[in-house]
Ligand SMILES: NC(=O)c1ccc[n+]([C@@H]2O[C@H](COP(=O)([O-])OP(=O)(O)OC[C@H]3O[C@@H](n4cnc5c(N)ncnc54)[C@H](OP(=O)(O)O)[C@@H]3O)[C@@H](O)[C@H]2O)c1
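The form predicted on its own is given below as one chain in structure tokens.
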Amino acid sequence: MVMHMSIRVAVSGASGYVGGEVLRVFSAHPDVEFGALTAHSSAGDALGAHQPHLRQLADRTIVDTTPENLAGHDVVVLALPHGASAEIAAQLPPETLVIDCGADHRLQSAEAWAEYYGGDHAGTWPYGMPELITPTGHQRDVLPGTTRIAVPGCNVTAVTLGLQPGVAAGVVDPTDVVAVLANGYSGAGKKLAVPYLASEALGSAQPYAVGGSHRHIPEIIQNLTSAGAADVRLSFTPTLVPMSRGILATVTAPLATGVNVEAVRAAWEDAYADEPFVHLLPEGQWPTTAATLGANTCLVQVAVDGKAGRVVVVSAIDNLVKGTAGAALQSMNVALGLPETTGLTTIGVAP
């Protein structure tokens, strides 16, 4: 007989893309019971008016995002815009597990926060990427028992999980990393703006945050440093492509001096041999965003471009699952001492 614990979860930002995906993904967890579902402008509405696909929750009424409404839960997931989480989180009880899907608590450097986000740095929380390689092991080692978790950025997840094995094994030179990403539109959030209209987006690919201005850059550098890089220089260019979900990241870096092709693939095989959600594909098979749709997987392939002297890594994730909501649930499981895979699927939706 399987015994289940009861985990009462409140979700803020419940009417947005991330909030809706948190509700969808967490619904598959056998121990989760939803408490307050909150938002600001949509407070008072039925959830089904904003998330009609969540049929079992469609009749629930959205309430205002206040500390009072979020208090009294075992877990609070903050799916709020960047800069909005810190004030709410500071007013929640210290014993509550608070999971921030925004950027407010990801960065270790106050200077990097000021440069890329502006304003005061809210402080650094334990980082919600269990697979992140650290100087002493993996990030999952520090998550058990924590009551504050900062979920990584979605682009950060794709690039970090793609390249970190090469950095940790010393087979790539991290001082010349180039990352070019194809991004689905849901990564921009649920807002009405001209670049995101179907008439602008369909049949078109649009670069954005070009020239080193994207806010995820310092977080990627932070992670590659954790994996062992003494110095990281990163050129990062995201491109919106006409799909609702997904990130396909192509990341290259120079092959380290004296390293052979066999050592490169071995680095990725060793790093991900026992990871439940990061899968190195068989040689010759390349990741696609379609293969990760709806799943908490990161699919990875690595090759060596001998003529260019560079290692090429391609990774694919669903930005709303492994890139956000799935990472939140995975990290919650570790923090609460549950099996890391509980409630999470590696089965995608195809075609």
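Predicted, not measured: the structure shown is a model, and the values here were computed from it. Residue numbers here begin at 1 and follow the sequence given.
We do not show the form predicted in complex with the ligand, though everything after this point is about it.
*Asks:* The ligand isn't shown here, but in the predicted bound form, which of 80 to 88, 260 to 268, 223 to 231, 205 to 213 has heavy atoms within 4.5 Å of it?
*Replies:* Going through the listed ranges, the match is 80 to 88.
*Asks:* Applying a 4.5 Å heavy atom distance criterion, does Met332 contact the ligand in the predicted bound form?
*Replies:* No, Met332 stays farther than 4.5 Å from the ligand in the predicted bound form.
*Asks:* How about Thr65 - does it come within 4.5 Å of the ligand in the predicted bound form, if we only consider non-hydrogen atoms?
*Replies:* Residue-level check for Thr65: yes, a contact with the ligand.
*Asks:* Look up in the predicted bound form whether Ser186 has a non-hydrogen atom within 4.5 angstroms of the ligand, and give yes or no.
*Replies:* Judged by the heavy-atom cut-off of 4.5 Å, Ser186 is in contact with the ligand in the predicted bound form.
*Asks:* Indicate whether Ala327 is a 4.5 Å heavy atom neighbour of the ligand in the predicted bound form.
*Replies:* It does not: once the ligand is placed as it appears in the predicted bound form, Ala327 has no heavy atom within 4.5 Å of it.
*Asks:* Pick from Pro238, Pro174, Gly102, Pro218: which has a non-hydrogen atom within 4.5 Å of the ligand in the predicted bound form?
*Replies:* Selected option: Gly102.
*Asks:* Give, in sequence order, every residue of 10 to 40 that has a heavy atom within 4.5 Å of the ligand in the predicted bound form, or say none if there are no such residues.
*Replies:* The stretch touches the partner through Gly13, Ala14, Ser15, Gly16, Tyr17, Val18, Gly19, Ala39, His40.
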